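Let's start with one chain on its own, the form predicted alone, as C-alpha cells.
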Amino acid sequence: MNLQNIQWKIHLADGSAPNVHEWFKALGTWIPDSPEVFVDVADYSHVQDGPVIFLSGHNVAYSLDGTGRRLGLLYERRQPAEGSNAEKLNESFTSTLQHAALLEADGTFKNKPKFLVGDVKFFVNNRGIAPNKDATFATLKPELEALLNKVYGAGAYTLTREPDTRQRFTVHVKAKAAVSVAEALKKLA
C-alpha cells in the first residue's frame, strides 16, 4: 500500500473554546512566512460539523476542525508524498505537532489553545488506497504502532478503527497518560 492523503486531528482540551477571529488571524500569519505555498485562509464557521477556519495550501492544509462535534487542529496532506509509509506517517504527524506548537505559543490568542496529544485521530482520505476495512487496519497497524510507540510508549495507548465501513479509514488513538505537544515533538526528534 502506497499511503497517501494522510490526515491527523489533534483535539483541543475542554475549555479551549476558540475565538474564530483569533484563529483566522493566527492561521493567516502562516501564509507569507511558510515554505509551504499557502493560498488562503477562510472562515467556515457557518458550516455545522466541519471545518471552522481553513488554511488552504498546495501540498497541505490546516484547519480548526469541528467534525464530530470535537474541535481540533486538522492536518491534511493534499499532494502525493514521497518515501516509505513509515516516513510519511512520521513527517505528517511531526508537521501536525509542530503547527500545534506554533498555535499554543501564538500571542494572538487571549485563551491559548491546548492540544490533547493523547487524543488523536488518524485518517486516510482516500477510499481507493485505504478502504475502511479490517484488512487495511491490519496492514497499517504495525507502521502506526512503530510511530506511536515513540510518542506514547509500547502498550501505553489504544487504537480503535472506525467500524462504519461507509466512513473513510479512521483510527482513534487514545493514550493512557497525558503527553504535551513539546514532549511528543522531543520524542519524535
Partner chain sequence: MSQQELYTSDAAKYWKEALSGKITPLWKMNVDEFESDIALKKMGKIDHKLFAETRLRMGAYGQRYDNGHRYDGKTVRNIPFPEAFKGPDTYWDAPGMQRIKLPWGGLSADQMDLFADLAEEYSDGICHITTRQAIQLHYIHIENCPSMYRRLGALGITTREACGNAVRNVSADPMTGVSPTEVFDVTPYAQAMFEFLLGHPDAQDFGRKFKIAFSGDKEGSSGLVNIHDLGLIAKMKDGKRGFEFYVGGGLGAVPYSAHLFSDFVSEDEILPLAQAVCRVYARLGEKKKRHRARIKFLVADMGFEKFRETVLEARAKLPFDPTWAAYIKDLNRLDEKPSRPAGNGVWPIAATGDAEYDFWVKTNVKQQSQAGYAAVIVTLPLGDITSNQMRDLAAICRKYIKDSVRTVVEQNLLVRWVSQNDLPAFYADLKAIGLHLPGAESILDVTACPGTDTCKLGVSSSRGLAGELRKQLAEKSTHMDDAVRNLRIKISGCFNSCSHHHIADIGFYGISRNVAGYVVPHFQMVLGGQFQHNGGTYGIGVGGIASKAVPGVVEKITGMYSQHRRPDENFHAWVERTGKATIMQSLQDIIEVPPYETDKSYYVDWGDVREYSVKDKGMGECAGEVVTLTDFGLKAADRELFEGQLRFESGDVVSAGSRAYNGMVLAAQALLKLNDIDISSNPDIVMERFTKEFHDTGVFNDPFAGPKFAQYYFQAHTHRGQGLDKDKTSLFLHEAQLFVEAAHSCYARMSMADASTSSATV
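Quick caveat: nothing in here was measured; it's all calculated off a predicted structure. Numbering follows the first chain given and starts at 1.
The discussion below concerns the form predicted in complex with its partner chain, not included here.
Q: Each of Asp40, His46 and Arg168 within 4.5 Å of its partner chain in the predicted complex, by any heavy atom, yes or no?
A: Yes.
Q: Is Gly50 close enough to touch its partner chain in the predicted complex, meaning at least one heavy atom pair within 4.5 Å?
A: Flag for Gly50 set to yes.
Q: So, in the predicted complex, is Lys174 in contact with its partner chain at a 4.5 angstroms heavy atom limit?
A: Lys174: no contact with its partner chain in the predicted complex.
Q: Give a yes/no on whether Gly155 approaches its partner chain to within 4.5 Å in the predicted complex, heavy atoms considered.
A: Gly155: no contact with its partner chain in the predicted complex.
Q: Indicate whether its partner chain has at least one heavy atom within 4.5 Å of a heavy atom of Asp119 in the predicted complex.
A: Judged by the heavy-atom cut-off of 4.5 Å, Asp119 is well away from its partner chain in the predicted complex.
Q: Given a 4.5 Å distance limit between heavy atoms, list every residue of 94-130 close to its partner chain in the predicted complex, or none if there are none.
A: Stretch hits, in order: Asn125, Asn126, Arg127, Gly128, Ile129.
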